[in-house]
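There is one chain below, alone, in structure tokens, taken in the form predicted on its own.
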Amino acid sequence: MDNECLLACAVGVPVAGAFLMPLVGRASKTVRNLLSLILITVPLGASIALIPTVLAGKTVYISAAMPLGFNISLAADGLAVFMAIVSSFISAVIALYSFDYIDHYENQDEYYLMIVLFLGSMMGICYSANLIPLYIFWELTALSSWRLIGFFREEHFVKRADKAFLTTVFGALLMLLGFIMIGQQAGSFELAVIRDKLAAEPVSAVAAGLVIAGILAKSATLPFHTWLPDAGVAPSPVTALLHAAVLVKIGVYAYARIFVATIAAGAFWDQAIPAIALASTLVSAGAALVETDIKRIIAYSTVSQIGFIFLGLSSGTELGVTGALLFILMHGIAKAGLFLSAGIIEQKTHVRDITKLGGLVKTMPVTAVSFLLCAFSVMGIPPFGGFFSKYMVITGALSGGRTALAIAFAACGFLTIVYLFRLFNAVFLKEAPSQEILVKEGSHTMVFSIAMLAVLSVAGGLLVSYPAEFGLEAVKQIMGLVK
């Protein structure tokens, strides 16, 4: 299969195949589940197959002409392939975990439809080479996440889903206005044309601000961050998907694609973005320190860690941007492990308040160890994968002359250690407030999923040179395009 077909399959197969889920589900739940996993692994396999081409410095490009100049253009370079592999791999693990977790709930056909459509839309965002299809896929993720967050259909849950939908769609509409302004200034919506036309002409600060507003809303960054902790009402595989693999990472990917690989954000936003990221990191870390709901603590941790990625991407240095890409990978693996572990705890104990939990290391040792290993990576403890990505981001900020920001983010890293150890101690180590909670481990499939993510959190550090080299090549490719 040639590279163009691989690229088309990476996007087209999950997007089109998602709509088969309700039909296949009527015939067989088992076949539907396996088909969903296949549809998610197709873009993973296709993206892996594109690695030799992009590492050779080549870009795979396909385009279909549409009316009014809104071409459906797809391009695979190092950045797109890196992000596509991270998203599709973690989504595949989450889909596998879902087989047992979601088995006894209603609306399963819709669940798998939305999970696959969500991943397909993410592939569309990763590989879009035109602002219009990028926006269309962006909105498809909002639609999918809306249905997934409100999966249980209770009024309280639906309100939380509506909040997430309205916040991200409002941001997306602002972003669309920015896209239109950029398109008018460049005379095209094609990213390659915009890059060439605006190489010497800075983009409007207003246009950049509108696009950044959309990015901040989708990535749950201050002041748009509150919808993400509220989205914890969704099933745990969904929260893992939102936090670790796809939804909030869409924003940081779009920032890298637009403001690192295509155009400069401008002097004002170069200073404002890391400052906003720092405020978001501090506020959410403080919230995690006092929160008692296990999923909300992990959610606030996600908001906090996203700030590190913005710091790296806005550093303007190869080391910082490479660290940001590595952070996306390492945080995605570890945070998925934390949420899926929390899903096992919630499903087995029916409790999310950490003040009412305790002693679970005795009855759920595999879950406890897996949770701790993933937490070590998020904390940035060496030699876990999260240590190297966090080190590269902070060192990149220092290299870019942002010493005060680097020190402040290092302090935020200490807060991460405090609130995650507080969480682990409350759930697994301290005595239960009443009698011992008599529960057992989750199903074999669910425990295998979290154990695999925990092992990868360790392996990501021990074998960090491989993803780091890939990330560096991707960064060299995209930063070489910025004039």
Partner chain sequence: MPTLLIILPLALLLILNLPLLRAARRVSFWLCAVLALAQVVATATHMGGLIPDLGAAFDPYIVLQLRMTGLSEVVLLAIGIVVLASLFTARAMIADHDERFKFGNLVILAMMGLNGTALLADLISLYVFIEITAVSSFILIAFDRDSDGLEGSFKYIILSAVATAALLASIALFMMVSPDTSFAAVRAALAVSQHSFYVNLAAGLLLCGLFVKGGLVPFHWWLPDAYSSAPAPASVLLAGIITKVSGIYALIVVSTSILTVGGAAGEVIMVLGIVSAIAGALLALGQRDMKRMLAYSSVSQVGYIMLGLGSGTALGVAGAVFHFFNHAIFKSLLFVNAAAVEGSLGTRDMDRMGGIASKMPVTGVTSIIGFFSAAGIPPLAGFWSKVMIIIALWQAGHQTASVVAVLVGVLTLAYFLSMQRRVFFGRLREGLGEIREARMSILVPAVSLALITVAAGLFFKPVFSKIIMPVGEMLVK
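Residue numbers count along the first chain shown, from 1. The structure presented is a predicted model; accordingly, all values stated were derived computationally and were not measured.
The form predicted together with its partner chain exists for this protein as well; it is not shown, and the discussion that follows is about that form.
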Worksheet item: Looking in the predicted complex, any heavy atom of residue 65 within 4.5 Å of its partner chain?
Response: yes
Worksheet item: Does its partner chain get within 4.5 angstroms of any non-hydrogen atom of residue 174 in the predicted complex?
Response: yes
Worksheet item: Though only this chain appears here, would residue 368 touch its partner chain in the predicted complex if you measure heavy atom gaps against 4.5 Å?
Response: no
Worksheet item: So in the predicted complex, does any heavy atom of residue 184 sit within 4.5 Å of its partner chain?
Response: yes
Discussion item. Which residue, 89, 146, 269, 99, is the contact with its partner chain in the predicted complex, using a 4.5 Å heavy atom cutoff?
Written reply: 146
Worksheet, complete the sentence: Among 279, 199, 136, 193, just one has a heavy atom within 4.5 Å of its partner chain in the predicted complex, namely 136
Item to complete: Can you check 166 to 174, 249 to 257, 321 to 329, 368 to 376 and let me know which stretch has heavy atoms within 4.5 Å of its partner chain in the predicted complex?
Response: 166 to 174
